[in-house]
Every structure is written in structure tokens, then in C-alpha cells.
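As C-alpha cells, one chain now follows by itself in the form predicted on its own.
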Amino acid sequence: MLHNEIKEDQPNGSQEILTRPVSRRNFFGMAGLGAAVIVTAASCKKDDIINNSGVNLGSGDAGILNYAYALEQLEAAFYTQIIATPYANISALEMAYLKDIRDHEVAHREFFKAALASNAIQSLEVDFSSIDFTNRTSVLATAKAFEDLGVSAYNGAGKLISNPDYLTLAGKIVSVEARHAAWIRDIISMGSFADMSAVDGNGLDKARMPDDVLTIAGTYIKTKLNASNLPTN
């Protein structure tokens, strides 16, 4: 059973971001929201993760950054596990691309951790026991759900950011998440990268608010989170 605390892995592909000097003051002047994650809502209830106890994400823009950091921790852990225990008969191309995605997510995670400094939440404990990491279909279906949810999380949380400068980085990160989603969708079913399950009739991606995202993510986050102070409008 894959049930562990997230490790502080730093693959080579993330070194430029991880080693770049970033002060907390500078970050809050130019940075923004991280990506999101996860899979199916399963039997998780909102009260299991959106509660008045547990690890407090905080309020305002700092709370949104911790929300992003929590999701980046989870996504980085997922892709790190894929690379550590690759599914049967994985191709060289798929391994290479999945390593790239892992490196992106680890870089995002470490960036938020460094920028938030003492305000960062703790390393979260995850539970991936419901995922069969030996099976390609299970892994890619989960990755697809993670990436689609990540895009919708950005879209939903953008309006909650007070500092307009944060939107610059938010836009850069969500575009990376969308690249991940498109590639994973296409290796599952060619041409599905922008079908109606991802893009609506107006040509727009879905948007989810933090409580909905964290409810879905709660299936895989063992550490209780308190998101009660996050902005809602």
C-alpha cells in the first residue's frame, strides 16, 4: 500500500527554479497561484477536508499560495511514485515525458515552499493505495484526472487573487498544466486533448473553486486541511 509522507525530491529538470534566489517579499510581488491535482471524489465528503481543524491554509493571497502548495505537493508525489515504480511495459517516450512532468511539479512545489518560507504549511501525508501503479490504464486515468482538475483549479481560483501581479505566474503555470493534460489525454486516446469533456460549447475550460478541488483531492490527502479562511470571492 502506497501511503507515505511526501519526500523532498529534486530531479535535475527542476534545478534552475529550485536554485534561483527568491525572497518572500519578491515572490509576493511577482508570483502567484500553483497548480492543482487529483482524481475522483470517491466517497470523500467536504467536511473531511474543509473543516475548522487540521492544517490551516491561511487567508488572503497567502492562503491561496498554501492551497497551491498543498496541491503541488500531492501532484509531485504522484509523478514521483510513477517514476519510482513504472507501470508494466512503459515505453521510453512515455517515461521521458512523465519524468518531465514530474520535474515540473517538483519545481513548482519547491518554489512555493521557498517563497512561503515560515508561512508554508507542513509536508502532507498522502495515500495512493487506490491507484495501481503497475497498470498503465490506472496510472494514466489518474494522471488525466489530476491534470484536468489542475486546470479547473487555476480557472476557479484566479478571481480570488488580490494582487494582479500574481496572475502573470498563474497564467504561466496553468498553461503548463494544460500542456500536461493535452499530452496525457492524447496518449490515452488520440485527438481527445480538447474534447467536450474538457472544453465546453463556448470553447472554455472548466473552473472549480478551492472547496470543490480539495474535496476531490481529499481522497488522496491523509493530512487534514483547514480551508475555512480561504477567500471565496
Partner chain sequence: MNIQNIISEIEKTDPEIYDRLDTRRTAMKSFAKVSGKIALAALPFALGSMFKKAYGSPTSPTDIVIDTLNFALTLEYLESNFYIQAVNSGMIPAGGALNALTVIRDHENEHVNFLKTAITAAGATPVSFTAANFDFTAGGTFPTVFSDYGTLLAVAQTFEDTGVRAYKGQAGNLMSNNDYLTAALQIHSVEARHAAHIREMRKAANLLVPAGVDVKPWITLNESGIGTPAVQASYDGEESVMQAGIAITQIGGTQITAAAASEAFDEPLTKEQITAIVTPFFA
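For clarity, every value in this text was computed on a predicted model and none was experimentally measured. Positions refer to the first chain, counted from 1.
A second form of this protein, the form predicted together with the partner chain, is not displayed here; the remarks below concern that form.
- Just one listed stretch, out of 93-101, 120-128, 135-143, 78-86, contacts the partner chain in the predicted bound form at the 4.5 Å heavy atom level, and that stretch is 93-101.
- A residue is said to contact a partner when one of its heavy atoms sits within 4.5 Å of a partner heavy atom; residue 151 meets this definition for the partner chain in the predicted bound form.
- The shortest heavy atom separation between residue 74 and the partner chain in the predicted bound form exceeds 4.5 Å.
- Taking the partner from elsewhere, residue 175 is found to have a heavy atom lying within 4.5 Å of the partner chain in the predicted bound form.
- The closest non-hydrogen atom of residue 167 lies within 4.5 Å of the partner chain in the predicted bound form.
- Between the partner chain and the residues 182, 55, 188, 62, the one pair within 4.5 Å by heavy atoms in the predicted bound form involves 182.
- Interface residues of 194-221, taken as those with a heavy atom within 4.5 Å of the partner chain in the predicted bound form (partner not displayed): 194, 198, 199, 200, 201, 202, 203, 204, 205, 206, 207, in sequence order.
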